[in-house]
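First, one chain by itself: the form predicted on its own, in structure tokens.
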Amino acid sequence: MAVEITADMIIHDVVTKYPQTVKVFQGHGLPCTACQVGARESVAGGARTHRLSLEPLLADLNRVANGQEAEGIRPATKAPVGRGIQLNVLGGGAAAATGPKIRHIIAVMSGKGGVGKSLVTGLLAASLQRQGLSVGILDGDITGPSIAKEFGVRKSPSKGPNGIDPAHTQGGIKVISMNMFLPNSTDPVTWRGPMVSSAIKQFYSDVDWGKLDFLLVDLPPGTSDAPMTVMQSLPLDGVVIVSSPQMLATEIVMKCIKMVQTMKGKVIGVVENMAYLTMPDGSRNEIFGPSNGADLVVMTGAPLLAQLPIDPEIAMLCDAGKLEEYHSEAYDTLAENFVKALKIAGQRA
């Protein structure tokens, strides 16, 4: 009996049952099969995301699934990532080789801009690295990256035998960020959602991350393309939510929390950034109002990992690209609480 692959079938199910269809998806410019979780999208959804014609894709899938040759599979597409090295879709090999070597993949999210997600990501990575753990940062803010600047990473990535080699910070943290691919750090990336989503997937699948204890994914604000791509396409162990005390920020962060819960993600913990300013006499000035951390803890069922202060020294070190030189008891406590919370979350799973 003839095989019939339909538009509503899940990509993962199709390639599992008919492995020969992988080359069809990739030939039509669909890298979804290279993702461990992202292939949960339907064939129609994948075609829509990558702006592909559905009918020719279905026709080739059915031909190959039924033992015939596809009429004309195009070469795998490339995402134009500035000049220099382009992000090539490498198929399942890179992702399959990378995934198992990374113990934990954690997204740092908020939903609200300006609360310090990139700062928390960078300082959490530095604190974990100082504990003797191997750490990488995937800067998922494609159109507004800041991780490379924080760490003073200016080197353009090079191509290695197993994919793109990430840059290394002075402390040994592996980093990949969109700014590293641009001729000038101030050049804009004027991409629509599907291109942004594709780049994030390729930052995971095409980069040779090697062995890591933690890969932290720094995400832009909002609950749209980039966060959804990470939630659906990367094998996340959990999410760290970053907020700040003012009610406006808290309300928007709650949207992000509801998104994570809707998509069956796991909130590892909550970080309240810019919670206070330490005054010369040692007292705390809550510039942005009283803490709303307790409300977020109740909503997520996850612990408050830290309440972080405003510190002018951080701004100066970020501008100088020397974030790793910052030492703070508050951030060491954040890293310790994060590791504990991750272990507890794993035991409950």
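In case it trips you up, residue 1 is the first one in the sequence shown, and so on. Model, not experiment: these values are computed from the prediction.
This next part talks about the form predicted together with a small molecule, which is not shown.
Per the 4.5 Å heavy atom criterion, the small molecule in the predicted complex is contacted by stretch 112-120, the sole one of 158-166, 172-180, 112-120, 187-195. For the marked spot (F203, L215 and G321), a heavy atom within 4.5 Å of the small molecule in the predicted complex is absent from each of the three residues. Screening A65, L58, L296, I314 for any heavy atom within 4.5 Å of the small molecule in the predicted complex leaves a single hit, I314. With the partner removed from view, the residue among I310, I287, A44, L52 that has a non-hydrogen atom within 4.5 Å of the small molecule in the predicted complex turns out to be I310.
None of the heavy atoms of F338 is located within 4.5 Å of the small molecule in the predicted complex. Among residues of the shown chain, V260 is not one whose heavy atoms approach the small molecule to within 4.5 Å in the predicted complex. Using a 4.5 Å cutoff between non-hydrogen atoms, M254 does not count as a contact of the small molecule in the predicted complex. Contact annotation for P221: at least one heavy atom lies within 4.5 Å of the small molecule in the predicted complex.
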